[in-house]
Ligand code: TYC
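In structure tokens, the next block holds one chain alone, the form predicted on its own.
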Amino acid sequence: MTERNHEDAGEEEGTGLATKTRPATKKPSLYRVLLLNDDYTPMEFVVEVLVRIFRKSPEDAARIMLHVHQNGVGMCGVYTYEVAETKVAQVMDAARRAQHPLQCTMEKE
């Protein structure tokens, strides 16, 4: 190596400040979990689902249940995709086991 190459090598090894650029992390998409009204599922069962699966207080659960009953659809919460998908599956499984036609779905917020 020539002397010039030694100098260049020293500069490349870095006596300056090293900066590392991080890729901007994007917030995960959120999804609304919705309950759909039907004329057969008992109101008490809907309240139970809201309390047990969505961790709503009995008062909030009753309010959401009445909203679903009066408007045909109501929001249970907003979650990341994986959590929303799990909640929908839990509701559908509970409804199936109880032999109720309650429907639950999710949509991107």
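What you are looking at is a predicted structure, and each value in this text was computed from that prediction instead of being measured. Don't overthink the numbering: it's just position in the shown sequence, from 1.
Beyond what is shown, the protein has a form predicted in complex with the ligand; the following relates to that form.
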Worksheet item: Given that the partner is absent here, does D38 sit within 4.5 Å of the ligand in the predicted complex, heavy atoms only?
Response: yes
Worksheet entry | is_contact(M106, the ligand) in the predicted complex, heavy atom dist at most 4.5 Å | no
Discussion item. My question is simply whether P28 lines the interface with the ligand in the predicted complex - judged by any non-hydrogen atom within 4.5 Å.
Written reply: no
Item to complete: May I ask you to check whether P42 falls inside a 4.5 Å heavy atom distance of the ligand in the predicted complex?
Response: yes
Item to complete: Give a yes or no on whether every one of R32, M75 and V88 sits within 4.5 angstroms of the ligand in the predicted complex by heavy atom.
Response: no
Practice prompt. Pull the contact list for 83 to 109: residues with a heavy atom within 4.5 Å of the ligand in the predicted complex, in sequence order.
Written response: L102
